[in-house]
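Let's start with one chain on its own, the form predicted on its own, as structure tokens.
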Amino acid sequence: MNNAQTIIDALCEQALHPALAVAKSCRDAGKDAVGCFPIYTPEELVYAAGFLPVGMWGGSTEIKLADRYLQGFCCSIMRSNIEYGMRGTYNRLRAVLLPTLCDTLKCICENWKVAVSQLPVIPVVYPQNRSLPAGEQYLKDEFSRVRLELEKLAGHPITDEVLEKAFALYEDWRSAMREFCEAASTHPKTINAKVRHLVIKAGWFLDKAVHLEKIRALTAALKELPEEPCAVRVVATGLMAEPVGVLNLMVENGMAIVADDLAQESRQFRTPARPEGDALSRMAWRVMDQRGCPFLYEVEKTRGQMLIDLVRQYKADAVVTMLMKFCDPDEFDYPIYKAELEEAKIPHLYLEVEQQMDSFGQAGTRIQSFAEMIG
């Protein structure tokens, strides 16, 4: 077994068993954990406070308790998170950070206080108009408030020096993730659609310094392997590439994700920070400089052109939309970039997914037909 496969197997195992991965990460680092709801949670502040930031991206579970607080037409990630919280699955966490970036997240913030009262919630409110100087100042002030909340939770101050180190670590991680994605695009068999997702996802449950070390080693190992051909190369877009059952179908039909515009994946690390300013300013600018994301208000709607550019850059055959059912921001965006893809004559596959999917027959038929059509 080569070094790349050893690292892949370990990361995939951690991504598939997050509770075990988080427990081990806490033991190894000697840290308590703080949950981070999707998306763009200021993890650097959590890390600088001495906690392990843990991604809260729901999961495939039966909804029994969450219906008391969330309607059936709410995003399945949020329903799963409330369900896990009410069951006590998240009791290991000291608190949760919750960005209020969509209508459901705004509701979750208040419902959480009642439904999961044992676990404190720290809201993070982002400015609608990020292009104004007032938006920048507001976001820096908001991060300062979250910093104070985390200091109270930790029982000690977050010094500027510690915050700068945390931010530098995250910038190194983001750079390494971009480099990994480049290497993965030329090795679509070793890093198939499922593996790519799980390798990235593991970072939500590990200390970022540990994940960074593993990603660097994996990227170096990939670069020593010969480049691999692939039947169908696609760019994935949406909230997240789950359930894993859908990715299994893509692998079975020779469809590889060579680049992505996924909220759980590349959107977290594709935008580098500006070189100037202190850590809080650079954190704010990263959010302000983010483009093509439906959760962040953008008059120009650049997502369609970004997808077209990704297709051309990575010589992809098509775009695959993995639209999380009842995700309003993504649903509002879809008709706009769909029309742009059609105008650019780029084949496009639409898949509606949710975490509670228990049947993949229809998705399998669509993926197989699409792969045969463009392969």
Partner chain sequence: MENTLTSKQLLAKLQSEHYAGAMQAKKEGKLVAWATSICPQELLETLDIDVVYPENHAAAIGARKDAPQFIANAEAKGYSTDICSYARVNMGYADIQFSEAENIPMPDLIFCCSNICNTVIKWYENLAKTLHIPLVMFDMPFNHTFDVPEHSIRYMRGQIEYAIQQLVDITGKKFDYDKFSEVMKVSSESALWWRRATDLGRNHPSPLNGFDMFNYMAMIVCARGKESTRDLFKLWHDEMAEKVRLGKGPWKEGEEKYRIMWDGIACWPHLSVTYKTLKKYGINMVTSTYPESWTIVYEQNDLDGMARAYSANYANRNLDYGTGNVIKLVRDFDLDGIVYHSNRSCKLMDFRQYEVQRRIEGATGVPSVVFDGDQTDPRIFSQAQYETRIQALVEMMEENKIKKQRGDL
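None of the values given here were measured: they were computed from a predicted structure. Numbering follows the first chain given and starts at 1.
Not pictured, yet referred to below: the form predicted together with the partner chain.
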Though only this chain appears here, would R216 touch the partner chain in the model of the complex if you measure heavy atom gaps against 4.5 Å?
-> no
Is D317 close to the partner chain in the model of the complex, meaning a heavy atom pair under 4.5 Å apart or at it?
-> no
Partner proximity in the model of the complex: E142 to the partner chain, non-hydrogen atom cutoff 4.5 Å = yes
In the model of the complex, does S185 have a heavy atom within 4.5 Å of the partner chain?
-> no
Assess the spot marked by D103, K113 and L296: is the partner chain within 4.5 Å of a heavy atom from every one of these residues in the model of the complex?
-> yes
The single option of L97, L93, C109, A221 touching the partner chain in the model of the complex, heavy atom within 4.5 Å = C109
The one option of A29, I63, I336, A344 with any heavy atom within 4.5 Å of the partner chain in the model of the complex is I336
Stretch in contact, per heavy atom within 4.5 angstroms of the partner chain in the model of the complex, of 48-56, 66-74, 307-315, 35-43 | 66-74
Interface residues of 210-242 toward the partner chain, as seen in the model of the complex [heavy atoms, 4.5 Å] | none
